[in-house]
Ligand SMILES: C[S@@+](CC[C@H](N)C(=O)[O-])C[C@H]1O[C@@H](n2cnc3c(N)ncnc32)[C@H](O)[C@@H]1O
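Okay, here we've got a single chain as structure tokens, the form predicted alone, with questions on binding and movement later.
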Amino acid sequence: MHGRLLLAAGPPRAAAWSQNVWHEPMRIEIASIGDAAKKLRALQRNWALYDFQLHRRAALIQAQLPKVSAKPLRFGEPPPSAPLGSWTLLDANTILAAPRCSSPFPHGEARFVEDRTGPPSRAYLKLWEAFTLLGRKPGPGELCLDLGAAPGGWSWALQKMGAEVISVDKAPLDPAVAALPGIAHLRQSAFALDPAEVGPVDWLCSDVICYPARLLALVQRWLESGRARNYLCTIKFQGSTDHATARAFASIPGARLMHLSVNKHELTWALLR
């Protein structure tokens, strides 16, 4: 372990809790700050420093590398396409560097230009980040079911994407969200909702607060009904992490399990058709 950086032998493997995987990291011996920058530039152009020790020396090396733009994205813009490597100092004369990483964002941390006036909470950022990483999002002509919707952050975001939204929660939506066109609110429990009563939906989205096993049962019921085409759900862990249920979500064919930079003690599960 090096701070938040965990080294493991063998080929890459699924690691849902990891926001960024360093592929084929290499140790590089360096004689000086200039030598370090020269050797990194010889491998590729763009580098993100993981700074966990020897901070001044690492910063001086990074200063000699091309600047990587960390400008927040406006939602809808694609993630950076240029390769981004990661590096750190293991000691004063040794770099650990990976020219290829799983995330296009430094340390896997996506940043957005936030809307601080429209949504009633910052929960909408989970949708923005997930859809950006997935490369797909709802749009005009699609119907989204938002389970556990109150106060309405996800419904707000889905409506702004142009989709029609059915918001489901026993609690009321924020009045400004409830007044938006294209949002219908069902005042009932997400778990009591019968898929047959709703009919086909293009997206089932859930940020509902519940134990992971209960969410899995809900998702399995919808999968068996065949009435939802795409899924995006937050798995919220309360107390200890329910790894068994997380593995059950990951084992669903075609599913993707990931830890977003805005997730806390939770994972995001997606299934796209």
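So that there is no doubt, residue numbering starts at 1 and follows the sequence shown. Since the model is a prediction, treat every value here as computed from it, not as a measurement.
Form predicted together with the ligand: not shown, discussed below.
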item	value
Which of 41-49, 241-249, 206-214, 56-64 sits within 4.5 Å of the ligand in the predicted bound form, heavy atom basis	206-214
Heavy atom of T94 within 4.5 Å of the ligand in the predicted bound form	no
K236 within 4.5 Å of the ligand in the predicted bound form, heavy atoms	yes
Contact test in the predicted bound form: A149 vs the ligand, heavy atoms, 4.5 Å	yes
The ligand contact at F112 in the predicted bound form, heavy atom, 4.5 Å	no
Contacting member of L90, L73, L180, A123, with respect to the ligand in the predicted bound form [4.5 Å, heavy atom]	A123
Heavy atom within 4.5 Å of the ligand in the predicted bound form - residue from A171, A184, A82, A176	A171
Within 4.5 Å of the ligand in the predicted bound form: residues from 182-198 (heavy atom criterion)	Q188, S189, A190, F191
